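Given as structure tokens, the chain that follows is alone and in the form predicted alone.
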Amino acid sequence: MLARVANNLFWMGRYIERSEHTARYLNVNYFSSLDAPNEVSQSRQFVLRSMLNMVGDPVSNPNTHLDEKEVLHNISLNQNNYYSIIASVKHARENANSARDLISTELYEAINKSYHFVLNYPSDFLTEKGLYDFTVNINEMMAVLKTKIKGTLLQDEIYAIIMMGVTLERAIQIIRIINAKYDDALEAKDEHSAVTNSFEWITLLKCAESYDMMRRHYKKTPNNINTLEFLILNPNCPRSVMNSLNELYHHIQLLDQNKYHNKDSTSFLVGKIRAEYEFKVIEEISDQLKDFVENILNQLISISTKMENEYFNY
């Protein structure tokens, strides 16, 4: 396989996962604010700032008044914004086009369908009353795409490369969501609500589609400790960072089958980081959450960079 084509497959997986998480974050944050227990979390400006923070375009001045329609359009349908959903879906399709002969017809048609859905979605309708419809459809379409990946492709190196992109991006997006919701919890804190028991931890779990399973696992109300432990360290939670690292390590074994890994290889780096978090305790993370977020993001970026240099450099 050409390195260029492998790179296309890898980034196709990443853009599919990115689209899904961005859409779900918009949906959950916007509509959860209607049931929020305090005025800060109910504020539309608070919600819009949270959205921009998550996609990597934070508002530096808290007194800046944001235009709701403009923010929703920019994150959803503005093709000139690198972080918009339409940009991610478009890039996923472009990468699929470049690897057309390696993926199934069913997968390609599903990608093409999602692209035309986003491309033809009316911006005025979305910003007025279509946000729920748009984000739910995006999430369902991305779920279909990942089902097509798992259900129609051979479980070979092509599948492994796509899933490496999916799992790496999932870990990055979960960390970005954790960072954004932690900032929200700090901002929403008042004399009646502590950060540890903030409503934002419930919203965080819903953004990761993990609220029900977290309640089933712990049988208690979400707080900062059990929420972070579930989404970072629990290997059985399909959205957790630990689960993503385990899957990433599993898929990379198909590309690097050496019994003893070179210390400069991607598989060695992934295994090293995976082992580090396998034996962490949540108290080490929760006490210095911002430092952890910065550190794990740098580690995930270093994995991506090394992976591209080793396998996709052309």
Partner chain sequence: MSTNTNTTHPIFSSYERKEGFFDEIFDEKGNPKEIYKKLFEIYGGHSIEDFINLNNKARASFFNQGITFQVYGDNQVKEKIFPFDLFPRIIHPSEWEIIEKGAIQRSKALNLFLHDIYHDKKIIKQGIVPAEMISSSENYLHQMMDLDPPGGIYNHVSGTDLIKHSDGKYYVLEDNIRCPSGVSYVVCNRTALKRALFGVFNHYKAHTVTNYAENLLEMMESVKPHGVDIPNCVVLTPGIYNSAYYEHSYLAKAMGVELVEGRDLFVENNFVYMKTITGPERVDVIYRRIDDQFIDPFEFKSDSSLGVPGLFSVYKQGNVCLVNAPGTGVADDKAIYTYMPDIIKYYLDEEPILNNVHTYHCSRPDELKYVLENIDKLVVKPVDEAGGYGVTIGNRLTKEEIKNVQEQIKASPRKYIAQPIMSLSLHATYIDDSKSFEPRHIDLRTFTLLGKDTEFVLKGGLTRVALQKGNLIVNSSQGGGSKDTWVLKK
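These numbers were taken from a predicted model, which means no experiment stands behind them. Positions refer to the first chain, counted from 1.
The following text describes the form predicted together with the partner chain, which does not appear among the structures shown.
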Practice problem: Report the residue, out of Asn179, Ser98, Thr127, Thr152, that has at least one non-hydrogen atom within 4.5 angstroms of the partner chain in the predicted complex. | Solution: Ser98
Quiz item: in the predicted complex, does each residue in the set Leu186, Glu276 and Lys280 place a non-hydrogen atom within 4.5 angstroms of the partner chain?
Solution: no
Self-check item: Stretch in contact, per heavy atom within 4.5 angstroms of the partner chain in the predicted complex, of 228-236, 67-75, 111-119, 215-223
Solution: 111-119
Quiz prompt | Distance check, Glu209 to the partner chain in the predicted complex, heavy atom within 4.5 Å | solution = no
Quiz item: Is Arg170 a contact residue for the partner chain in the predicted complex, using a 4.5 Å heavy atom cut-off?
Solution: no
Quiz prompt | 4.5 Å heavy atom contact, Leu255 and the partner chain in the predicted complex | solution = yes
Self-check item: Ser104 within 4.5 Å of the partner chain in the predicted complex, heavy atoms
Solution: yes
Practice problem: May I ask you to list the residues of 1-23 that have any heavy atom within 4.5 angstroms of the partner chain in the predicted complex, in sequence order? | Solution: Met1, Leu2, Ala3, Arg4, Ala6
